[in-house]
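Here you get one chain, nothing else, as structure tokens; it is the form predicted alone.
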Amino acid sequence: MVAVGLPDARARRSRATRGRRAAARVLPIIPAFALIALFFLGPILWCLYASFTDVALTGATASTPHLIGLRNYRRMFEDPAFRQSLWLTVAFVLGSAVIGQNVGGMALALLMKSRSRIARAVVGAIVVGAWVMPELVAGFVWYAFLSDDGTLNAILHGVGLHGKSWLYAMPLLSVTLANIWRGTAFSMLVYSAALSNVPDDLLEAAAVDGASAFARLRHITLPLMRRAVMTNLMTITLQTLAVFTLIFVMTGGGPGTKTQTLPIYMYQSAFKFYQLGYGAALAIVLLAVGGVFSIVYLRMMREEV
């Protein structure tokens, strides 16, 4: 009986020890998890619930909303304004983040790698200065630069060229360039850190073997930076999906609806036309779009080079 009982006692003590160790690992993160649930998961769940109601900012449904099922979602996908805003959002993200900030950040990181410390400090200060500038201030800067009486037209008139109303003639391109200018620094910093981990002797060996600079970039540098590229793409894509203040300050979603991306359309539906339920449904779709982009990037990150 004693011989049989000893292994059972040891097993119970071992399980108790593992339980205490697990509790010691879990307990410190409970406050963080509670804060995440309160300030992140809670609003998402409320937004999901509100998207199935007719809740509004004013009127009878402001205090007593009713469940209306999928009516907001059916209305959304039948709404030409939603389809246009979805297309504009995708175009803005692709042009501003996937192409503009990503390629611009990579180009700046590559150019600064072989420059002197003073040149890197000057360029870095200029680019990072645009990044740390508040989005509201950046929007006013670009509005002042591109407006009818702005800096760009003054420069063009000074050299004898004819200016134009850029915010009306090319509104989507204007807000895209402004967001590229403001956000490229993040990609530059990510890629500068990743480039520092690429072995110089490997690049020198490829150069000795006759590989061109483009070949070294394509076959050595980019494959070694693949995870950094995918991580950066996912981060800047999600950041760009949520851009609101920059566009709102520069164009207000106009002229007409030519820069009415999903965040602008969601704000106008919820707080201009007081349809909180419909705005919540738009927010859920915006969250789903971000999830789709994230899944694509995560799958690409897991694929073999």
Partner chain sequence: MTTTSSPATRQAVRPPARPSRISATSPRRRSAAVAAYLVLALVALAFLLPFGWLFLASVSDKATLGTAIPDHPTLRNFSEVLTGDNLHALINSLVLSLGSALLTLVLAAPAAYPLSRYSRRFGRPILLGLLFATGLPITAILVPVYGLFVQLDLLDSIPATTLFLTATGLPMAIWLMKNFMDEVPISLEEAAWVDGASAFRALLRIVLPLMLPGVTVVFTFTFALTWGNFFVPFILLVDPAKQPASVAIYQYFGLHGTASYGLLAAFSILYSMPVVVLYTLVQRVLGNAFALSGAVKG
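These numbers were taken from a predicted model, which means no experiment stands behind them. Numbering follows the first chain given and starts at 1. The term rigid core refers to the maximal set of C-alpha atoms that superpose within 1.5 Å between the two forms.
FYI, the form predicted in complex with the partner chain isn't displayed, but the following is about it.
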*asked:* Suppose contact means a heavy atom within 4.5 Å; in the model of the complex, does that hold for all of P134, E204 and A242 with the partner chain?
replied: yes
inquiry  = in the model of the complex, does F248 come within 4.5 Å of the partner chain, counting heavy atoms only?
reply    = yes
Report task. Consider F52 of the chain shown here, and say whether it contacts the partner chain in the model of the complex, taking contact as heavy atoms within 4.5 Å. Result -> no
ask   = Would V128 show up as a contact with the partner chain in the model of the complex if we use heavy atoms at 4.5 Å?
value = yes
_is_contact(V208, the partner chain) in the model of the complex, heavy atom dist at most 4.5 Å_ = yes
The stretch from 186-194, 75-83, 217-225, 158-166 that lies within 4.5 Å of the partner chain in the model of the complex, judged by heavy atoms, is 186-194
When the partner chain is considered in the model of the complex, the residues of 75-111 having a heavy atom within 4.5 Å of it are L108, L111
When you overlay the rigid core, is the Cα of A144 off by 2 Å or more between this form and the one not shown?
no
Does F271 move appreciably between this form and the one not shown, meaning a CA displacement of 2 Å or more on the superposed rigid core? no
query: If we fit on the core, is the Cα of A169 displaced 2 Å or more between this form and the one not shown?
result: no
